[in-house]
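Take a look at this one chain, the form predicted alone, written out in structure tokens.
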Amino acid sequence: MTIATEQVHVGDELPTLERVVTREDVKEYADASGDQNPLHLNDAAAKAAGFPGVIAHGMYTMSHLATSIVRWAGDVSALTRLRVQFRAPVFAGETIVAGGKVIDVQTDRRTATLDVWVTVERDGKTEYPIRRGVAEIRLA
């Protein structure tokens, strides 16, 4: 069931959703998507491109973000728009954390607009593989 309009307020934060990115996840995503770029599957190719090892697909990271939004909204059909900026790679073995915040509620349209992102901790700093994302949710 989709979250009700009266339950959503500007400033509300979505619960964060964490996931450790595994090599198996990246391989399964490559197989499912058809994107067999060696940067996602082969350490030598990734290292030759300047990365420490294989990188997750940007869309894999975005799908984790979409999952976090849908869990909060209560229904997959509630997510009507998702636009993001890919800002940094994600490496196998890292923990990605999806989050968001309500920035607008249109009660007459029964929609909420969210600022959404994905973070990863590197060398004691928070980096944003996805930042300045915008999602729109249909409310009940």
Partner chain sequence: MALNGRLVGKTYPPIAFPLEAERVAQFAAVIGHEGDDVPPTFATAPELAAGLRNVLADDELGLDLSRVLHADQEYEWGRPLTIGETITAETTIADIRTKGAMSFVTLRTDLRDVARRTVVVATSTLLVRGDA
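Positions refer to the first chain, counted from 1. As the structure is a prediction and not an experimental result, all values here were calculated from the model.
The next section is about a form of this same protein that is not shown, the form predicted together with the partner chain.
Chemist: Identify, from the list Ala66, Val105, Leu41, Ala92, the residue with a heavy atom within 4.5 Å of the partner chain in the predicted bound form.
Modeler: Answer to the contact question: Ala66.
Chemist: So in the predicted bound form, is the partner chain close enough to Leu79 to count as touching (4.5 Å, heavy atoms)?
Modeler: Yes - in the predicted bound form, heavy atoms of Leu79 and the partner chain come within 4.5 Å of each other.
Chemist: Taking the partner chain as it sits in the predicted bound form, is Val97 near enough to touch it, meaning that at least one heavy atom pair lies within 4.5 angstroms?
Modeler: Because no heavy atom of Val97 falls inside 4.5 Å of the partner chain in the predicted bound form, the answer is no.
Chemist: With the cut-off set at 4.5 Å between non-hydrogen atoms, does Gln85 touch the partner chain in the predicted bound form?
Modeler: Heavy-atom contact with the partner chain at 4.5 Å: present for Gln85.
Chemist: Would you check, heavy atoms only and a 4.5 Å threshold, whether Asp115 touches the partner chain in the predicted bound form?
Modeler: Asp115: no, not in contact with the partner chain in the predicted bound form.
Chemist: Note that the partner chain is not shown here; using its position in the predicted bound form, name the residues of 5-34 with a heavy atom within 4.5 Å of it, in sequence order.
Modeler: The stretch 5-34, when checked against the partner chain in the predicted bound form, contributes Arg19, Asp25, Glu28, Tyr29, Asp31, Ala32, Ser33, Gly34 at the 4.5 Å heavy-atom cut-off.
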